[in-house]
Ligand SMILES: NC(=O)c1ccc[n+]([C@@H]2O[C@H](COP(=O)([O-])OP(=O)(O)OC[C@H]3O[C@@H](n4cnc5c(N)ncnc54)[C@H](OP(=O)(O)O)[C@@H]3O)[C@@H](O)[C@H]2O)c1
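Quick setup: one chain, the form predicted on its own, written in structure tokens, and binding and motion questions come after.
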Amino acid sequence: MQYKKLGNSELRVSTIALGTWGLGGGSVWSDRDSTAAEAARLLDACKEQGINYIDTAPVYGTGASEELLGAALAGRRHDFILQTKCSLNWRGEGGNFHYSRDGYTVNNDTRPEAIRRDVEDSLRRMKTDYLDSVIVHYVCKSFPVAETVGALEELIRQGKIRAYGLSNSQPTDLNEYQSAPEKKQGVSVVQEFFSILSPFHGRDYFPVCEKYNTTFQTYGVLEEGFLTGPAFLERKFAKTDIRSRIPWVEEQYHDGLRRAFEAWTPLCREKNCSFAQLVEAWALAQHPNMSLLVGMRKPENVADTVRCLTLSLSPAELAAMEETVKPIQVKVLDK
């Protein structure tokens, strides 16, 4: 495993991070529900492979993901860097409407009192007295950034969190957060969508992350499974499932994806790797301060993912991989 500092913080994190959106289940991930025992086995596999960085959020299953992790972390909390999020909650205490799902109405609220309550709720659900990193889940323009930054910096001073970051944001948001008078430690990590099928937002963000020594954490590299191989294109999902709401479920993209898999097959054979490992290696090569956040629900997925760190792709190979999918790349992909 490879490790690096998370931005300007003192946290030393594995290059690959475990994403636990899928653990939350519910209508967004309609194919299975996870148990605490399965979550524990998943963490066993992470420990074995050297992955120490775990990402979750309160709204992943409206508390389910955090609660499962809390049970799985019992007795080994200090083995992992634990990252969760704030701003999205279903307490009905204000903020902007974000969505309704599974009987809950979720609002986006970046006011100081909401952030403090979010952190306390996450500490309780995960049975811990501190969080290593807290990310503003959706940057919100309705409330003063200075107050949001002040609340996060105060939580650091109190020892309740050790670092903070942004997600679902723009480069201008990072500039604004880093310019807030209340900033002391600043934004350590930016978590944004990035894949070979939609690389544009990430590439716009990279120079700003470099300016502030902020880690760019990418999610969606495998496009929720659609970049794992042609067989995935045959799967059907419920209308509420996240995988039914992204472009690649549409037939018009399938020929382009199949051509890509066909073009990448010789490279997979040469590197002795899977399609998933190939596109993960491609993503890591795009930016030097990259954290690869991968959603995994089975222990065997962990060892498979770590294999991408051993792959070496030349500039020509990287360019050729992307050239194949340029006809079907999309500029904006909002899940």
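Just so it is clear, the structure is predicted and the values come from calculations on it, not from any experiment. Numbers for residues come from their place in the sequence shown, where the first is 1.
What follows is about the form predicted together with the ligand, which we do not show.
- Although the partner is absent here, residue 109 lies well away from the ligand in the model of the complex, with no heavy atom inside 4.5 Å.
- Heavy atoms of residue 148 never reach within 4.5 Å of the ligand in the model of the complex, leaving it off the interface.
- Using a 4.5 angstroms limit between non-hydrogen atoms, residue 304 touches the ligand in the model of the complex.
- Interface membership of residue 248, defined by any non-hydrogen atom within 4.5 Å of the ligand in the model of the complex, is ruled out.
- 228 is the sole member of 198, 185, 228, 128 with a non-hydrogen atom lying within 4.5 angstroms of the ligand in the model of the complex.
- Just one of 191, 89, 133, 122 comes within 4.5 Å of the ligand in the model of the complex, counting any heavy atom, and that one is 191.
- Residues 11, 80 and 160 are none of them found to lie within 4.5 Å of the ligand in the model of the complex, as judged by heavy atom distances.
- Remark: of stretches 43-51, 263-271, 292-300, 66-74, the one touching the ligand in the model of the complex is 292-300 (heavy atom within 4.5 Å).
- In the model of the complex, the ligand lies within 4.5 angstroms of at least one heavy atom of each of the following residues of 214-235: 219, 220, 221, 222, 223, 224, 225, 228, in sequence order.
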